[in-house]
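In the block that follows, a single chain appears as structure tokens, in the form predicted alone.
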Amino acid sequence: MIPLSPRESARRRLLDVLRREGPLARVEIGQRLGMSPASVSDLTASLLDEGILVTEESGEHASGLLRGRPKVRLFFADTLGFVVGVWTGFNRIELRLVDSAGRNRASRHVERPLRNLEAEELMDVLAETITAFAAETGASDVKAVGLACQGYVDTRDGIVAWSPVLGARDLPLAAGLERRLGKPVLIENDASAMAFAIAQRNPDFRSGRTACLMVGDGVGLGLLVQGELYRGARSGGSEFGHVRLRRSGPQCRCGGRGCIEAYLADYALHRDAQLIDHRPAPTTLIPSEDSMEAIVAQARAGDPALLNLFQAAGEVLGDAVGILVQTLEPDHIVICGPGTRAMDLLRPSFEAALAIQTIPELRDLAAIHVVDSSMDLLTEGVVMQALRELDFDLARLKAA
């Protein structure tokens, strides 16, 4: 790939700050980037002329007085094409369509068997589902696809090395979908995608080191350093949910026993609740949200056995966060995902375990946040990453 020229790099930085922070006035762009007003005006003039940026009045007044001129903010035009975000869960697919300004245009939930498909058939199904979604929503100009997947994802080579919801291993998902769709495809671990989306919504998490522990269908970890996702040796994220806490613990989907996920994930809690009160087994491996809400409601109503179940899960959550505190020394730890639905039940034992298991001086360095979050953040995260990749091409100067 041809590197960007100095002017193109400046355009790239400007587009990136707008993508991260939303509409900004020229003076605000200059403050964020340390650029002079003349440089900002020069760059934004060309981006406006090319139709990449548009202006909008903020309603605020530049002078701070009601008589002042309304502040003009700049942001992306919404006419530069679309991006499709996809998340693959256990036999289900979530889709999101956004325009070039990052505005949500449509979303779909598709129930589709995936777990037992061979690699080529799986990629055929995903490509057909994405194509049908684009056609149904009238998105004739899809520029890219972002896909979030559970498991170990090699983002550099576009390979899903292993996933608990897909049968194939070392799956060349990005290349296979690009060949079928004729579009660039970015793939990401789902916990990293959620972490990225949360950081885009909260600027506090875009500075220093932030560890986002996602609890829901499974347990995943997204690591951010100065707002950018941390990558391992194969450009993947962390399989923190499969760290083993107890050698003889419960069965985990990865094939091991005693993993963090085997105590905290929805399927683990539902499995144990089923043994406690003989509730009907779920029709799929992953219980529905309604099933999980029913267990939580029964525990809140005072069922002693289920209260003990959540107490034990809270202790494991405290152990897990303690490991993060003492191995990563992060500035922020964010607990997110659907599993936060039961945080009131988990919190007492979570806080007690965290206090016991961590060195106080280290524990006090990390601010711990619980963020209400839905699975929508998974597709939002990969969509935002795909848009940033497309911005690289928008930063290039057009040939005269």
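This structure is a prediction, so every number in the text was calculated from the model and none was measured. Quick note: we count residues from 1 along the sequence shown, nothing fancier.
The form predicted together with a further copy of the same chain is left out here; the points below concern that form.
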property	result
Residue stretch of 101 to 109, 181 to 189, 73 to 81, 243 to 251 approaching a further copy of the same chain in the predicted bound form, non-hydrogen atom distance within 4.5 Å	243 to 251
Check all three, S238, I323 and I359, heavy atom within 4.5 Å of a further copy of the same chain in the predicted bound form	yes
Touches a further copy of the same chain in the predicted bound form: L328 (any heavy atom, 4.5 Å)	yes
4.5 angstroms heavy atom contact with a further copy of the same chain in the predicted bound form for E315	yes
Close approach of A144 to a further copy of the same chain in the predicted bound form, 4.5 Å, heavy atom	no
D217: touches a further copy of the same chain in the predicted bound form, heavy atom cutoff 4.5 angstroms	no
Answer option from P113, G302, G232, G138, heavy atom within 4.5 Å of a further copy of the same chain in the predicted bound form	G232
In the predicted bound form, the one of A174, L223, A127, I198 near a further copy of the same chain [non-hydrogen atom within 4.5 angstroms]	L223
